[in-house]
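There is one chain below, alone, in structure tokens, taken in the form predicted on its own.
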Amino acid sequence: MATEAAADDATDAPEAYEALLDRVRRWNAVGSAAGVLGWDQQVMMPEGGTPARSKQLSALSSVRHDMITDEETGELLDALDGAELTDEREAVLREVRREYERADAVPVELVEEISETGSEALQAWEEAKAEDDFEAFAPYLEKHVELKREYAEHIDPDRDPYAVLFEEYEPCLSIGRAESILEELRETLVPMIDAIRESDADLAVDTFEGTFPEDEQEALAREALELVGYDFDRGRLDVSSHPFTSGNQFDCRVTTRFDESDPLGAIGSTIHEYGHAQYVLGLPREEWGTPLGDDRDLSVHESQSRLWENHVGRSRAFWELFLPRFKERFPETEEATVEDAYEAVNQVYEDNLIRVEADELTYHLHIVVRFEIERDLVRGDLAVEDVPEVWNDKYERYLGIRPDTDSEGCLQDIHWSHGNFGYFPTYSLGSVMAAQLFEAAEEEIDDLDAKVADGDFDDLQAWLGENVHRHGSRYETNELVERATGEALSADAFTDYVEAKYGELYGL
């Protein structure tokens, strides 16, 4: 067999590489199938389907784990160690080896248990959130914490378990780098938010007050997706309790949610998810199933969603384009001006408890709360039963508000029902990266604001496609950013952007 020969002869690199790539494509196809089942569970599956779905997803995670950790995978990686390969193939090998080494360290039984717990916890979270009953969800959170500690210990028993878990979502930046960026954001934003709250600026915050029927909001959300260029031939829009994006470059689906008193929330969420989808749909089709056809990591992923949500969707130029369409759906807003809309979508809330409804500034304090709590949970410095009280205390300390219920407090996010500890920092890392990328795009694209106002997103999409999407996972995070912008990743562009934007809005 060719693979046996490859394993015995390290000079037979082309054959070994192709054999390895074939294995990678197959295990990623299994993962992709699991992704469709996960999407269905959150969007289409009847409520009673959880027992079977948890077993289905557990079986697929086990199959994929076995394929990754199969002895032949290790032999092929050994055969390619030291081989002369192109830069692209070296990148593929780097990514596959990282995945193999982490997976090989973890028993398949633990992988199955984590997957099954996630499916059961998802339904428990949805019910607990609806009933405002943290105690009903607490056992599942406790189990996730225990399982993920065990998972991290298998990978590296001598390291901080939270740092190990963070690498699942951002493998190329250290947890120390993430913490330093979060600290810089906190140091910049807390005094800025205090100054905004003391400002005498009178923004048109009531521009979109009223009742906006869900069916009209959904039609408007679909129109927004069409406007920015979402490919409905390779995607769809649905409703879920927590907006998300799922798929690949051939089929990438987005979801959003609606509140009849908050039409801006749905528009923002929809454009946010569009950014995720546009990234995935822009990955090289011919590389599907390989690292070159996969997204870099969640920091980069979030940079794409936050760029479209904030730098495009919250801009004056976008509302110059979009406001006439909004008024057509909701004639009661006929008197609103572009400046009214711009002020409304960029207001800084004094009393918002919900992360996905947060303004662009306080959003990051929501992230800090979650980051600190999940880090302490994983490290064993916080008991699950104490999460609601600690959550509420941190909200009061950082945001000056205190949740009245756990549904609008510690039960509001879906991530912990999946056991996704280490995910939250990537939101802020993504926002920082988005500002740096958008600043570079503005420098290279003539009259980008005018193009947005005209509904011409081609140049921005092309710039992102050229500098981010087409590379897949070829470059590690910092190198990708440096190639796109000429600078290493930093918070400078973000702090400059928010200081200028909110300084103008609030007269700081």
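Residue positions are given as counts along the sequence shown, with the first one as 1. These figures come from a predicted structure and were not determined experimentally.
One more form of this protein, predicted in complex with a further copy of the same chain, exists but is not displayed; see below.
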Report the residue, out of W288, Y169, Y398, F244, that has at least one non-hydrogen atom within 4.5 angstroms of a further copy of the same chain in the model of the complex.
W288
Sort through N467, N478, Q461, S62 and report the residue having a heavy atom within 4.5 Å of a further copy of the same chain in the model of the complex.
S62
Whether R53 contacts a further copy of the same chain in the model of the complex should be assessed with a 4.5 Å heavy atom distance threshold; does it?
yes
Would D40 count as touching a further copy of the same chain in the model of the complex under a 4.5 Å heavy atom rule?
yes
Does a further copy of the same chain get within 4.5 angstroms of any non-hydrogen atom of N248 in the model of the complex?
yes
Look up in the model of the complex whether M67 has a non-hydrogen atom within 4.5 angstroms of a further copy of the same chain, and give yes or no.
yes
In the model of the complex, which of 251-259, 268-276, 372-380, 309-317 comes within 4.5 Å of a further copy of the same chain (heavy atoms)?
251-259
Within 223-259, which residues have a heavy atom closer than or equal to 4.5 Å from a further copy of the same chain in the model of the complex?
F232, D233, R234, G235, R236, N248, F250, D251, R253
